[in-house]
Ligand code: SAH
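Below, in structure tokens: the form predicted on its own, a single chain.
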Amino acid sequence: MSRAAPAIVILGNGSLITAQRIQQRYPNALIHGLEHRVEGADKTYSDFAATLRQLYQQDTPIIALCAAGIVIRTLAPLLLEKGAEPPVLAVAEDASAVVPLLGGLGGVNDLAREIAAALGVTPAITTSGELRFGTCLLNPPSGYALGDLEVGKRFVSDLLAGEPVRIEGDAPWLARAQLPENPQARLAICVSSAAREPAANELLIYPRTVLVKVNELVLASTIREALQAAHLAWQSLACVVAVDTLMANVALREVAAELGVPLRFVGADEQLPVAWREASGSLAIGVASVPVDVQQIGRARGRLAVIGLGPGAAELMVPAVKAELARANDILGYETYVRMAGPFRDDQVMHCTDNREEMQRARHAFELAAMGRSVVVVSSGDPGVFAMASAVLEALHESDNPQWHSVDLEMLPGVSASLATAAQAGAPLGHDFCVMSLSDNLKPWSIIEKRLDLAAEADLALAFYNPISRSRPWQLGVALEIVARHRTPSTPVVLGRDIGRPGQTLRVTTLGELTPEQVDMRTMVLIGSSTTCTFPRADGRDWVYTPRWYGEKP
């Protein structure tokens, strides 16, 4: 059965060899290792419980190399509905045991068998039906849907009690099952797309063979009525197919979501491998001979997410950004930032470009997303702070391509460098502040000088991005002279270099002591207002903060 790549979660280096053996069986799986305790993991985490719960909520199969009890206690608050669990397994650190814990209807026992075979052990499967028949009847493979779970439970109970069964319809996955088959049996497994009321002695399984094509917005109830009139089960609906002029239609996406099926788009003259029969003027129904591979039908609505990685530390990356990276087909960005966002699966494509190619990158992202792909454009910090969000919107604003405007576009925030640096120092931006880039690549230096002078005169705390570079060696000195017209030499200054990355440094100085030579392109410069103050920390350094009040203390 088709499933997402599992996450292999380990707590120490003693589990790494076993984790790597499992990874050989699932090359796209990532090994998640506890920070500061595991060397050689694909990803690191600082909080085991939070990581496990996040993976579970993202419907990611989990292979945890630890005691089963730890996993159960961690996920217990999330166990709401038995039919909606991803596979979760506990594997012994020394590879001696494989224990399926959750996801019986999500293929956990199949996963346990595969892992156990790779490790050369016997899986600890306890599910009665699977032990007896070698398959889970209540978990048909991809392309098929179970009719009624509660009816299915009673059906399996009757089989376990010794009753024989007959199979009606095409069920190739049951060919190797050890079912007690008898063509005269009272119990029947019926595989069909026909609409019918289930009898007490039947287990209904619906092949996903039905397509509904619409050329205008229709209601979910209209589609159900059309299927009923055609004597087709709604459970056999594989997807809704719409003309691509409806790609941006929010109401149509809600209809597909209500029906619980994907929404795919085709050109007006695009041919599909089914024979269509018109059900009404607004929709047509097609029935395939075998379950439909939805990925081969038209294309999905493309998605483009512009994300912020934060300053660089994995724990400062917001969960929504991590989830977006996991779902992406394509990742675009300046190579340094793309590498920071990884590692990536083998099926994910990296498109690395130079840091000055923002508009070309934005246009390329829309081209990929218009093809129905899930695309991520990577920025460091926050994408809306001197980063790619503005470039992406500019590219869209300039384009008259309707396919670009139909893309599902979203900006996902990140922790900006100014906020990360401020947090390390205390709260130097605790009152009104101004964020400026000293780069004159995209705006005249005269504008920068004017804004600097006004912001300093307004007594705002200042955050400088892009303060200096080899091609701009003099601007920071001029900027400091402008600020000095309105600040005393004792004004606190914070210099944060590579905050959130290996080798980060933080220094507190004053405006009078600061010189351009103390700063490089990777340094964030924070200059306090007239109220910003410092006091000693217990570790010998200084806290820096700007009070919330201004003037007389309330």
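Note that residue numbering begins at 1 and tracks the sequence as displayed. Note that this is a predicted model, so its numbers are computed, not measured.
One more form of this protein should be noted, the form predicted together with the ligand, which is absent from this view; the next part is about it.
S.K.: Would you mind picking out the stretch of 35-43, 52-60, 514-522, 66-74 that comes within 4.5 angstroms of the ligand in the predicted bound form, counting non-hydrogen atoms?
M.R.: Every other range fails; the passing one is 514-522.
S.K.: Just to be sure I understand the contacts: of G302, P207, P100, P467, which is the one whose heavy atoms reach within 4.5 angstroms of the ligand in the predicted bound form?
M.R.: Going through each option in turn, the one that passes is P467.
S.K.: Although the partner isn't part of this model, could you tell me whether F386 comes within 4.5 Å of the ligand in the predicted bound form, counting any heavy atom of the residue?
M.R.: Answer yes; at least one heavy atom of F386 falls within 4.5 Å of the ligand in the predicted bound form.
S.K.: Considering only heavy atoms, tell me if A417 and the ligand come within 4.5 Å of each other in the predicted bound form.
M.R.: Yes.
S.K.: Does I499 reach the ligand in the predicted bound form if we count a contact as any heavy atom within 4.5 Å?
M.R.: Yes, I499 lies within 4.5 Å of the ligand in the predicted bound form.
S.K.: Can you check whether S236 is within 4.5 Å of the ligand in the predicted bound form, heavy atom basis?
M.R.: S236: no, not in contact with the ligand in the predicted bound form.
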